[in-house]
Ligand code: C5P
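Have a look below at one chain only, the form predicted on its own, in structure tokens format.
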């Protein structure tokens, strides 16, 4: 089974208040992008990597991949206006004979190889995709115009993370339509009729959005000793 990874790294990072894209925010003394690149490179499950870089940052992304020894990176594409458009551009560079495409957000740098294994397993069990998820601890309510209209059943709800894994043909088909409103690739595969499994996520897969998130990831990385858990 040939597994290709798409690393979505084209986010602007405006909410971080930096003069550079999110994937080049400083993390542990180097660009954030270095961390997921190294971890995907070290994974025995991943055969090749395509990076969707911020517009104008394609060359720095390639140079960074070379610097960290990420020899599995075979292509670096220019990211689109939305995450889904960036993923679509990267998937276009995936080899036609790839069996599985794993999509991961660079903004979740602390990727453990055990999560990669968990999302790949359901694809051999009849599912077309798999996502890692964390059960919600808080009560969730739906509201309109400031008024609660429904309390949702918490036991059935998950906060979904990346990496997300898909049979390559299903993901390609899902990305062939309108992707504008999609918040993740799984939603597109679901809309195309695909069966998507949810597997246990990892609380270390913090998504960097605000400065406080970057500080938390820095702390978690420090607890790992700056090393790679793969």
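Residue numbers count along the first chain shown, from 1. Since the structure is predicted, the reported quantities are computational estimates derived from the model, not experimental observations.
The form predicted in complex with this ligand exists for this protein as well; it is not shown, and the discussion that follows is about that form.
Per the 4.5 Å heavy atom criterion, this ligand in the model of the complex is contacted by stretch 80-88, the sole one of 117-125, 139-147, 94-102, 80-88. Heavy atoms of residue 8 reach within 4.5 Å of this ligand in the model of the complex, making it an interface residue.
Remark: residue 20 does not count among the residues lining this ligand in the model of the complex, judged by a heavy atom distance of 4.5 Å or less.
The closest non-hydrogen atom of residue 107 lies within 4.5 Å of this ligand in the model of the complex.
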